[in-house]
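The chain below stands alone and is given in structure tokens; this is the form predicted alone.
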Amino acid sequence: MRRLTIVAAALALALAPIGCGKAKSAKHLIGFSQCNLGEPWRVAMNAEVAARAKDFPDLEVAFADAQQDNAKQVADVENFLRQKIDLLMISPNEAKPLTPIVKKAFESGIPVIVLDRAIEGDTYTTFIGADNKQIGMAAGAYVAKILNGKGDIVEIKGLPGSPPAQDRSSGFREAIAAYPGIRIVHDPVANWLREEAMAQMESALAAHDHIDLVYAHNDPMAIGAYLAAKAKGRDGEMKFVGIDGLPGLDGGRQAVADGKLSATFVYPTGGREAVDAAERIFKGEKVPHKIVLPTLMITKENALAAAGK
């Protein structure tokens, strides 16, 4: 009996470090619900999240693409909850339809980081994003300056139910309201997508013999409008302004450097900041309820430097 007791004790000691090792290596599971991957900016956001998460061995990120479908995004989050995630990151497709599921996650005790697009109310741990109304106002001030306070504008809008589209429009319109000579003559919705913007711009070109400027709520739509105007031989009569300012050959910064866009405004993805906030939350640290990211206007003068050339 004494021999059996000694063997059992030895086994317990041998197994103890293994058990402790597993506890220490257990990862925190983050569920990241992205509203769509049809926009290059959102692909860049996912890539930034994945890259930053690699810097923290205790983090694991599961990604879901809602494909611009509110119902699918709700289902994606429900699936994350069934997986017992430790934290939810979400960039909502539209505010109102996604608010209840975000609230459900938050009130169940799961920390929630809302990225880029807000929900209704404040049932989340932290919101990370740039000030879209301020960006819209900056775009309006720039447009008023380059048009000398007079001109016909086409405004191509993002998804109507998303706060960034609403704020980029209201800020822009507030800024140009001081210039009665500036008129918005066409304001279609293209849902953030280049192909839809091309189609909408074709309609605008058919409806208006003269257009001075196109203001689009993101760079892909601005570039889509440019391509549509170029196909009709009318790109030379107007200027194009976008928002996002992604680096790389297909980004807005390069489009400005190439002369396709007159300007763009950098809209940081917040991916890195979101992962940093998650790590702080897991460490028991408090994070601000709102983190506002800075912007930067990119014009021909600073485009090459901003594009990293």
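Because the structure is predicted, anything quoted here is derived from the model rather than measured. So that there is no doubt, residue numbering starts at 1 and follows the sequence shown.
Although it is not shown, the form predicted together with beta-D-fructofuranose (FRU) is what the next lines describe.
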inquiry  = Within 4.5 Å, heavy atoms only, one stretch in 34-42, 270-278, 59-67, 256-264 touches beta-D-fructofuranose (FRU) in the model of the complex. Which?
reply    = 34-42
query = Should residue 218 be counted as a contact of beta-D-fructofuranose (FRU) in the model of the complex, where contact means heavy atoms within 4.5 Å?
reply = yes
key: Heavy atom of residue 117 within 4.5 Å of beta-D-fructofuranose (FRU) in the model of the complex   = yes
task = Indicate whether beta-D-fructofuranose (FRU) has at least one heavy atom within 4.5 Å of a heavy atom of residue 172 in the model of the complex.
result = no
ask   = Using heavy atoms and a 4.5 Å limit, would one call residue 136 a contact residue for beta-D-fructofuranose (FRU) in the model of the complex?
value = no
query = Across 224-252, which residues bring a heavy atom to within 4.5 Å of beta-D-fructofuranose (FRU) in the model of the complex?
reply = 244
